[in-house]
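The chain that follows stands alone, in the form predicted alone, written as structure tokens.
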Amino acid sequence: MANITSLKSWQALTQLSKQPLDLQECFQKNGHRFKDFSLEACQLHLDYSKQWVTKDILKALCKLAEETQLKEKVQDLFSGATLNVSEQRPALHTALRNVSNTPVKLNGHDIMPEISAALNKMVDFYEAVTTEQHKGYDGQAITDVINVGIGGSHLGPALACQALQDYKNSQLNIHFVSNLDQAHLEQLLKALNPATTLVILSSKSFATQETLYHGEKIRHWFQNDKAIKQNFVAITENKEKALEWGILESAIFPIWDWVGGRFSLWSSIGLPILMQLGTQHFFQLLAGAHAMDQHFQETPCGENMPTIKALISLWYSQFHGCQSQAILPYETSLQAFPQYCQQLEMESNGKSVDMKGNPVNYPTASIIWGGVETNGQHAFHQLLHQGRHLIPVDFILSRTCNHYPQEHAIQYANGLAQSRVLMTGRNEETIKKELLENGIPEAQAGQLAKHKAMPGNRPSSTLVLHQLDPYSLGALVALYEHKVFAQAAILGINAFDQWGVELGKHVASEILEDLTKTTLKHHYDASTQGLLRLYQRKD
């Protein structure tokens, strides 16, 4: 493919981006704008009518997708093509939620039987624990589960378990340990009984520093040799290392090299989700994601929700100089979703070369940030409304709620209000007039109006879930997965490696090796060496 910036669609979009667009004027001219720029799929409704798009802009964006062969690359994703070119692997996480069980072939081999076998093993283990067929080392029933993992082995399961507390279908209490924070681990262990605690060690390589460090600490906490065989399970690709650690083969759950960590909650990494939700709700989670997979594969560009989201993100990052995007859920149970999306996009698409290793001359990912609402309204929304940064926003709302309808209505109203005010703003003249009507002296009113004025015309999308349930959460997560992939496919980069992460791990292991040595084994720059010596000082 030619350099993307030389494509006709790119040039057309460059020209379109120079034409000012007023959102309020767009609504005044088109009484059907909400309908024209809204989509429904998989129990999700996306309203992007408050984005800086017109039919001409959307047409040019879809032309960009066509010229970069997005449709063909989507088919490559689902067919097992080697999309992770630097590691020579496909990315077949979609097969993990293939509830239709239609064959998915890798090198001519159908991988669905082994995926089904792994799912059945997870279900059998869940049932054995909850029916007390599988007990702890001294014969007591399991009451608590600690999931030890980091990155994708933590963020996905933690998000789902937190988001779907209302659908808990077991008496098990699920806990998560990730970062090297011993205070957190020790506080958790003090509240638990080792005899009734199950530990899940989630590490694809079974070499993750944080996971194994915590694992050793927890093993010591048990102070019982039988515990390693009854109270520990592993989720890993590296069965040999897990066996060496002492975990029984029957307690090792597989994950494959074609599953990236940040796309892995659908795999055995999702065991804690299954332990909390039960079989029916876990399979509903998979079904929601599978429905979004089908929508992504089969729906034309202008009606394709992940594609539209990807194109809108590119519209701002490539043609309007936007460096960040805010993701703002109006559900406390979705408070981990911005952080989940942060890893999903920034680890996937934070690249500086294309698929062939050639340097790119355009940004490849946005800085993803956000927080749960309405907390953010009393913090960073000030910058969204009056700051000089242009930050597109995704508002995420739920139309119905299982509990507290009055409070939920307040949340929903706040979400709509914020998207509206971002668009409309408030002009200085109107504010001054109101101040004068309230008896404020003219000089003071004129000065105060300058401070209270908001420019408006700030873009946002509003994504409304029918309700936050396992099916819609599965669809929501898959939507953002595919949005990230579509961005990468259009920009011609590899969304499935993360060498920047791997380098940091390697250097950290070298520094740790030298941290207490007088004679350093490795060579460092003056700053790193100085800080290392500072750590060694005895004063």
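We number the residues from 1 along the sequence you see. This is a predicted model, so every value here is computed, not measured.
Form predicted together with a small molecule: not shown, discussed below.
Trainee: Even though the partner isn't displayed, in the predicted bound form is G425 close enough to the small molecule, meaning a heavy atom within 4.5 Å?
Mentor: Output for G425 is no: heavy atoms all beyond 4.5 Å of the small molecule.
Trainee: Is there a heavy atom of G151 lying 4.5 Å or less from a heavy atom of the small molecule in the predicted bound form?
Mentor: Yes.
Trainee: So, in the predicted bound form, is Q276 in contact with the small molecule at a 4.5 angstroms heavy atom limit?
Mentor: The answer is no: Q276 has no heavy atom within 4.5 Å of the small molecule.
Trainee: Does the small molecule get within 4.5 angstroms of any non-hydrogen atom of N457 in the predicted bound form?
Mentor: Close contact is absent here: in the predicted bound form, N457 is far from the small molecule, nothing within 4.5 Å, heavy atoms only.
Trainee: Using a 4.5 Å heavy atom cut-off, which residue among S49, N494, Q498, S472 comes into contact with the small molecule in the predicted bound form?
Mentor: Of the listed residues, the single hit is Q498.
Trainee: With the small molecule left out of view, which of K35, K29, K55, K505 would have a heavy atom within 4.5 Å of it in the predicted bound form?
Mentor: Looking at the other structure, the residue within range turns out to be K505.
Trainee: Within 4.5 Å, heavy atoms only, one stretch in 318 to 326, 430 to 438, 204 to 212, 373 to 381 touches the small molecule in the predicted bound form. Which?
Mentor: Going by heavy atoms within 4.5 Å, the stretch is 204 to 212.
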